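Encoded as structure tokens, the following chain is the form predicted on its own, with no partner shown.
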Amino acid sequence: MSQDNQNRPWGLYIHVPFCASKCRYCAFYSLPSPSSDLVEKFVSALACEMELYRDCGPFDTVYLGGGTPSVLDTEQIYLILNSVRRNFRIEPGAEITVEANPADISPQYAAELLRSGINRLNLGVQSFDSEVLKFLGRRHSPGDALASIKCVRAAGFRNIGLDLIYSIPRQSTDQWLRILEQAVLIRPEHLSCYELTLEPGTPLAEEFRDGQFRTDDETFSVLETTSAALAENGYVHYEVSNFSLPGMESRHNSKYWDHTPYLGLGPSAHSFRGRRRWWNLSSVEEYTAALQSGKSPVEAGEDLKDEQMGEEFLFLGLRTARGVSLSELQHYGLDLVNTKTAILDACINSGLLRIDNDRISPTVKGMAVADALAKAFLA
């Protein structure tokens, strides 16, 4: 772990555990159609939790994720952000992001979000194909997606991210590329392209219990095609699933990949500082009850040993175009140059990794199998 990372401004993540409806593929903790009373209790409890961490920070990113934060009205979002500013030092020019469902965006809502201090909007578009949206259980249409993007641009947002999903059953590469073409025409500053996976406990995993959507070779082919298509249009492939126009990377999410401290608030949220990781109760009712009674909502935590830190550093670093420092890995007892020479050479010769002085970084082919690469070095 670089000591410099520990001295950097923190990231603040706020988990909004509510959705209007639950998507078929989603395994994140959230409750569909919450009562107004429960939402009010959550907003109040969130303010109480912030008071427990007033010594943390400073912060240069704030991220409202979920769930679906846009199910909150703008007054509730104002209250949350006012509590943030009251309890924490937020750096000038901080990146402040909110995730939103396109169906929730209106001209007034977009304008009020911007006035609240939010300067980055991440829209869960997922697809511009109505059949794909229906399959995923999304509640918006392609028209809603296009209208929401128009709204947020008109409101004055200059930093927009779109989430898209590929590896839909029976979706051809050409169909996926047409969706990408539509996204590129919109020219968002950021694109997250996620492979659809079967998460345990989700309706989609039950439906496809004995199957998979694509082979590893097919997954690599789609990722390589995606990366090439977006590169032609000026997008930088900086992490396995993430692409941006130059300089418009997600500053918040980048903290998760290099052990920069971050504080997570809300039910099921995780935090990390130094070698300590802790996480909150995964129940909004238990979370609010704990804070109402003056107790911490932390469920558990762990102190990471050198071996665990090194493994995380390797796994996370090999997911990014920047890669990982070999000397920093040695700090944790992972000497790839002297103890994993054969594997390292094989990965370089097969075009999975590049080496430049002290740093190894994955190619697009390497990104497609990043976790397997890390496991090979740790075997």
Partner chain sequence: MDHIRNFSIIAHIDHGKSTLADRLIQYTGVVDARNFQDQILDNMDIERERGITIKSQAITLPYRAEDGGIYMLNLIDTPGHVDFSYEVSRALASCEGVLLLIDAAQGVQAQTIANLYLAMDHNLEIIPVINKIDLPAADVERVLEQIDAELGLDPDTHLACSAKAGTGIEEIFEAIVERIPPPKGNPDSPLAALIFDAHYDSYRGTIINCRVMDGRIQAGDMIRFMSNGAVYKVEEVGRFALARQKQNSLSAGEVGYVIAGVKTVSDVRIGDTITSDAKPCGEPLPGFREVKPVVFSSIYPIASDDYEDLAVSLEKYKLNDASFIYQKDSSVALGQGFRCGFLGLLHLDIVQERLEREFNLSIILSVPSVRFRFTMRDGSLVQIDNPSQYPNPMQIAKAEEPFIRATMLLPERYLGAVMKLCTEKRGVNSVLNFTSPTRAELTYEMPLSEVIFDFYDRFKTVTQGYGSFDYDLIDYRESNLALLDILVNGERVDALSQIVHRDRARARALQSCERLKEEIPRHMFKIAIQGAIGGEVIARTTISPFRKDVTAKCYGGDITRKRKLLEKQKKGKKRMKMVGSVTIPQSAFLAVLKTDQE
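Numbering follows the first chain given and starts at 1. Being a predicted model, the structure only gives us computed values, none of them experimental.
One more form of this protein should be noted, the form predicted in complex with its partner chain, which is absent from this view; the next part is about it.
- Of the heavy atoms in residue 350, some are within 4.5 Å of its partner chain in the model of the complex.
- The closest non-hydrogen atom of residue 287 lies beyond 4.5 Å of its partner chain in the model of the complex.
- Residue contact check for residue 370: one or more of its heavy atoms lie within 4.5 Å of its partner chain in the model of the complex.
- In the model of the complex, no heavy atom of residue 249 sits within 4.5 Å of its partner chain.
- For the options 241, 233, 225, 119, the residue carrying a heavy atom within 4.5 angstroms of its partner chain in the model of the complex is 241.
- The three residues 20, 128 and 206 each lack any heavy atom within 4.5 Å of its partner chain in the model of the complex.
- Checking 340-348, 33-41, 321-329, 48-56 against its partner chain in the model of the complex, the stretch whose residues place heavy atoms within 4.5 Å of it is 340-348.
- Along 289-311, a non-hydrogen atom within 4.5 Å of its partner chain in the model of the complex is carried by 302, 304, 307, 308, 311, in order along the sequence.
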